[in-house]
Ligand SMILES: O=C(O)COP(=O)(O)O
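Just the one chain here, laid out as structure tokens, in the form predicted alone.
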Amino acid sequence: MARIVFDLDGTLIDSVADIAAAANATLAEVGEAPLSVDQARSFVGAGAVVFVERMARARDLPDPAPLVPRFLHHYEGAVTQTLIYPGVEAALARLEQRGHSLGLCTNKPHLPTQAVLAHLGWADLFDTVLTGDSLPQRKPDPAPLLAAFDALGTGPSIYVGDSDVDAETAARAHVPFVLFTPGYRTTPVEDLPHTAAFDDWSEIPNVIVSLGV
């Protein structure tokens, strides 16, 4: 059976409304105009610090560093508008029933990750969880993804994600990448390296079978 590791934001959950709310609460504290949801979505993927850097650049703020703790404060409780993509829970249950090991590897920091997993009733869903501050490195460095696979034991490795960062991470880790196309990517599907792609979570069990595991 396979070791299957998933990204979180834009892959399993649509959390951009909560992320935008945390960003806009931060910007309001320093007298700046809010981001649109589309802007916030385009900034997601490389971790909280990079998100704040992009947010600050969008508002011509010269020093993003003081905004990081403000943003994290709001981000840690930003769960109420997050939605699970349709079919995710049923798909994960089917994969688990087939004997696959399931892990999570996200650039979302630990506290916001734990908050949203608890909110969704997923605190015990994954066999391992690597977050954006679990290691000194973050995706697209392959170290967190490889650590997640190592924690799951042995077996074929498959990474499921939605973004440019996820595609690069999988390529650098030399593992098959399955792309969820409705997520937060900024590059056309045909320009992202991937082994397989899907747009409906009911498809993922058959996609895994098509990879020979």
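Here the structure is a predicted model, which is why all the values come from computation and not from measurement. Note that residue numbering follows the sequence shown and begins at 1.
Separately, the form predicted together with the named molecule exists; it is not shown, and the next lines address it.
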Seminar exercise, completed: Exactly one listed stretch (62 to 70, 43 to 51, 24 to 32, 147 to 155) reaches within 4.5 angstroms of the named molecule in the predicted bound form by non-hydrogen atoms, and it is 43 to 51
For this session: May I ask you to state whether L8 is within 4.5 Å of the named molecule in the predicted bound form, using heavy atom distances?
Result: yes
For this session: Answer for Y75 alone: is it within 4.5 Å of the named molecule in the predicted bound form, judged on heavy atom distances?
Result: yes
Exercise. Is there a heavy atom of K108 no more than 4.5 Å from a heavy atom of the named molecule in the predicted bound form?
Worked result: yes
For this session: Go through 136 to 173 residue by residue and record those having a heavy atom within 4.5 Å of the named molecule in the predicted bound form; state none if no residue qualifies.
Result: K139, D162
